[in-house]
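This document contains two forms of one protein chain, each encoded as structure tokens and listed individually as structure 1 and structure 2.
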Structure 1
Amino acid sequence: MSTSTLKYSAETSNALLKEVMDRSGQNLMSCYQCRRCAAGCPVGDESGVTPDRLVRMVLLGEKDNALNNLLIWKCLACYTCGTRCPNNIQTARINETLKQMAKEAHIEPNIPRVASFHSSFVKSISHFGRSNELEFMALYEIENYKKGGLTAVKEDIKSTSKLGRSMLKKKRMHFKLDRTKGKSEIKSLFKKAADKRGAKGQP
């Protein structure tokens, strides 16, 4: 577990805190560092940062540390942190916000494969309103190819083939393209988000 000392930065604290709270919908000011979230986080030990420490980074204005840590990429979004928090702070939503901010700032992700998985999933949702395994996997392997060529694609298929066979046996993988009835509404939400980012000068 990381034991580095966090330092307050008045220059970035208020701006960072406001942006994260506005975008995540979470009141970070209500965190009093009881560390119940840390006790339940399944990836806190291996990521070196626990949810309470991440909140503290934002409160102190440590933007670089907040956008460059393993927790925002390893977070499982299991919501154990929010369930245990006496003030109902959902750190998973904070992680998602920081992940988006890191992407917008063109910061190289700590775990590129997770970043590829994330962007491919979101792109698949934007097309049909829900994730379809075939399209999702194709988009993901295209991302792998862009970053590591055929070798990366072969290695990924080899490492996940066992899981794929198991999913097929349990009928957890579907090959038809499912569409949601509210697809146009979802597309408009994606467009609205893109327009909002464009208005702020974000990619």
Structure 2
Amino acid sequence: MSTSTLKYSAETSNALLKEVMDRSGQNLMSCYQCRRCAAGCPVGDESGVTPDRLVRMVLLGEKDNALNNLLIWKCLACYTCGTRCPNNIQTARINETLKQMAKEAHIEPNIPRVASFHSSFVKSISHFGRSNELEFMALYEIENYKKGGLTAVKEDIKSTSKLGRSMLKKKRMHFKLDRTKGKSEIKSLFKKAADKRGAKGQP
């Protein structure tokens, strides 16, 4: 994946830039490519894209590249990039927006398991109001199975059950279902979120 500085056209780049700025609340236009974010990014090396490159893709209107790269899925939301940015751009927020836009555009996530992890976690909150580790892990593996079949979950089940065994041994596994009584409130917040997404699609 490469970005070209030669292809800039205000007319074609503006739609993407405006949507990302509105949704993330970040002023991408103040980026002067100092790369302090890149220096601090813990996953930049492995992603092949650093936060400054991502900002540049959006500025150039390279929608395909911006919605389809490893950084938006490897990002750990550690907020180092944004904390160090001299122009107060929080790239992690831009990543969150781009992830949501990629989902809405039905683009297959570059790391499907990351997408499954976060959507399963949120789904588990919608069920009981609290996250229960066993239920959440089950939802996550079901999601992985749906996306990648048995091979996608085989390795996981091996490593997860190893962790599960030591958690049992150390009395850190929790079997009681923790739940929130105010379920109707949680439900209505989730409904409101769905209404707001409207045509934009499911989380």
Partner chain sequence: MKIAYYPGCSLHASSKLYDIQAKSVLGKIGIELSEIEDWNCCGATSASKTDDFLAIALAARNLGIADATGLSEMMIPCSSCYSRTLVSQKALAGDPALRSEINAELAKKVEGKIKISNILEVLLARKKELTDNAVKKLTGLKPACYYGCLLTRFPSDMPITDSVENPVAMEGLLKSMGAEPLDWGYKTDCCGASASVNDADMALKLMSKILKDALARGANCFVTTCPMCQLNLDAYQDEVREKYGIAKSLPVYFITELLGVSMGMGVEQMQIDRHFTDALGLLRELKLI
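In this text the structure is predicted, and so the values were computed from the model without any measurement. Here, a residue number simply tells you its place in the sequence of structure 1, counted from 1. Rigid core (definition): largest C-alpha set, two forms, superposition within 1.5 Å.
Tell me which of the two, 1 or 2, is the form predicted together with its partner chain. If we ask which form is the one predicted together with its partner chain, the answer is structure 2.
Just checking, between the two structures and with the core aligned, does G148 shift 2 Å or more at the CA? Shift at G148: 2 Å or more after core fit.
Could you tell me whether the Cα atom of R23 shifts by at least 2 Å between the two structures after core superposition? Shift at R23: below 2 Å after core fit.
Note yes or no: does the Cα of L67 move by 2 Å or more between the two structures after the core is superposed? The answer is no; the displacement is under 2 Å.
Can you give me the Cα shift for M137 between the two structures? Core-superposed, in angstrom, one decimal please. On core superposition, this C-alpha lies 2.3 Å from its counterpart.
Taking the rigid core as the frame, how far in Å does the Cα of L177 move between the two structures? On core superposition, this C-alpha lies 5.2 Å from its counterpart.
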